[in-house]
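Take a look at this single chain in structure tokens; it is the form predicted on its own.
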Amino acid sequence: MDKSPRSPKTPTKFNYEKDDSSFWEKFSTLGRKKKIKEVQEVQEEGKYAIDSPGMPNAPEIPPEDYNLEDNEQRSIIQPQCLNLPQVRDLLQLLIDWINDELVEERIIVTNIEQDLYDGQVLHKLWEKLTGNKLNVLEVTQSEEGQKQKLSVVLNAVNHTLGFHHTMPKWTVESVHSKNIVAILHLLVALVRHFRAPIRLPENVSVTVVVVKKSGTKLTAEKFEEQITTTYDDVGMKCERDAFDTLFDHAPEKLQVVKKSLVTFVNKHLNKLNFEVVDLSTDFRDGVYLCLLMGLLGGFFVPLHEFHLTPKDQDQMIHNVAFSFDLMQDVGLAKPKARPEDIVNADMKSTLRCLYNLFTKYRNIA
């Protein structure tokens, strides 16, 4: 510890050094005590704000979690929520899924907060799921380097997930600070987007306390944060149907089905001088689906309702979603696939969608 400055010795018969030193030491001690007292008061205010009446089931939160800077806000999960069966199941399911995906990388995740915060695992997971490579350093040790890498990784993830104009429920800061709620939202979004072969526990929620400091005052608000909801669709391995059987056990018959569907769609798209070659990629922007619905249903599809030349994934998703609306308008059941599945060129989803059209309209000229 640095010593407090002392007054210089003076050649007099009185020795002021001791008295001056005592004064400065007392002054320094008073300053430290005042600072400690302020910290204690802020912590006590935070504890009172969280434990005060009107906040039943007060969370047990360490003081360092609400030791905030001025105007800083922090979301803190109630620790006891992590012991809820559904939350534990969700955490273990996500850990097992990540480990299954990254088994070839010899990466083993045991704790979501500790293993994902620096971007290293997320980097490898994104590359595995997309089949693309990300130009970023493999390993970074410094906090600044970790945040820079995490920023690049999350930017790629957000682009893949379609967060171009809306804000996701995670940030570089929240993930790097090991905010488990933000990390769970991120992983659930990846599972849903890439149709992971797992069944997520439905309607999982956790209690979150949002603590905010303004001046010397701390306020806290508790609310339920929903992590998963009820899903109409589930992972591919949980949704076995004829196409799963064809893919797994009868690839030769699958080629026959594909050929029949190509013949069917081209029979109608040729009326507009369009032709499909690859079922998965040619339908991923949604344009052919919109035009096909008009041709099959015998109605004109207003061109301002969809993007004839979509420029990004958002516009592609809009097109496919619009075609799904048209399908329901003509009496077809809501497609089990999501628009994102078609845009991601998921062959099974595209085949299921086109087969429904084939079943209804195969006999029309």
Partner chain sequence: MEDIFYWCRENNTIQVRLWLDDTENDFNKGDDHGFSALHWSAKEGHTKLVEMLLARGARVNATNMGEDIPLHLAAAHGHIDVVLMLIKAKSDINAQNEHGNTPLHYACFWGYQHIAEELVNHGALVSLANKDGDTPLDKAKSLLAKRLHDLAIESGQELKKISIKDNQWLGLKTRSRDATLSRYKGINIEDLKLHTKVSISPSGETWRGRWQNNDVIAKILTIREITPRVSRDFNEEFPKLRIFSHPNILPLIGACNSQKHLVTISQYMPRGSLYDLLHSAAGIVVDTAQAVRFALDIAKGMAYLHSLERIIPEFFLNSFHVMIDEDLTARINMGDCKFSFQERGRIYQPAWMSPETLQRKRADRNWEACDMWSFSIVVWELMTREIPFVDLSPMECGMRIATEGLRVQIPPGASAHLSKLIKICMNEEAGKRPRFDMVIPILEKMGAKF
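By rigid core we mean the largest C-alpha set that fits within 1.5 Å across both forms. Residue numbers count along the first chain shown, from 1. Here the structure is a predicted model, which means the values were calculated and not measured.
Just so you know, the form predicted in complex with its partner chain exists too; it's not on screen, but the next bit is about it.
A.B. asks: Tell me, yes or no, whether A333 is in contact with its partner chain in the predicted bound form, where a contact means a heavy atom of each within 4.5 Å.
C.D. replies: Taking the distances in the predicted bound form, the answer for A333 is no, it never comes within 4.5 Å of its partner chain.
A.B. asks: Would you please decide whether P168 lies within 4.5 angstroms of its partner chain in the predicted bound form, comparing each non-hydrogen atom pair?
C.D. replies: Outside the cut-off, so no.
A.B. asks: L295 near its partner chain in the predicted bound form, any heavy atom under 4.5 Å?
C.D. replies: Contact with its partner chain, yes.
A.B. asks: Quick one: does Q328 come within 4.5 Å of its partner chain in the predicted bound form, counting heavy atoms only?
C.D. replies: Answer yes; at least one heavy atom of Q328 falls within 4.5 Å of its partner chain in the predicted bound form.
A.B. asks: Can you work out which of K271, K259, K217, R106 has a heavy atom no more than 4.5 Å from its partner chain in the predicted bound form?
C.D. replies: It is K271 that has a heavy atom within 4.5 Å of the partner.
A.B. asks: Please pick, from L154, I77, L291, V191, the one residue with any non-hydrogen atom lying within 4.5 angstroms of its partner chain in the predicted bound form.
C.D. replies: Only one listed residue qualifies here, and that residue is L291.
A.B. asks: Within 101 to 130, which residues have a heavy atom closer than or equal to 4.5 Å from its partner chain in the predicted bound form?
C.D. replies: Going through 101 to 130 in order - heavy atoms within 4.5 Å of its partner chain in the predicted bound form - there are no hits.
A.B. asks: Inspect the rigid-core superposition and answer whether the C-alpha of V153 shifts by 2 angstroms or more between the shown form and the other one.
C.D. replies: It does not, since the V153 C-alpha is displaced less than 2 Å between the shown form and the other one after the core fit.
A.B. asks: Please say whether, between the shown form and the other one, the C-alpha of W97 moves by 2 Å or more once the core is aligned.
C.D. replies: No.
A.B. asks: Classify L125 as shifted (yes) or not shifted (no) between the shown form and the other one, where shifted means its C-alpha moves by 2 Å or more with the rigid core superposed.
C.D. replies: Superposed on the core, L125 moves its C-alpha less than 2 Å between the shown form and the other one.
A.B. asks: Between K334 and T130, does the Cα distance in the predicted bound form come out closer or farther than in this form, changing by 3 Å or more?
C.D. replies: Closer together, which means the C-alphas of K334 and T130 are at least 3 Å nearer in the predicted bound form.
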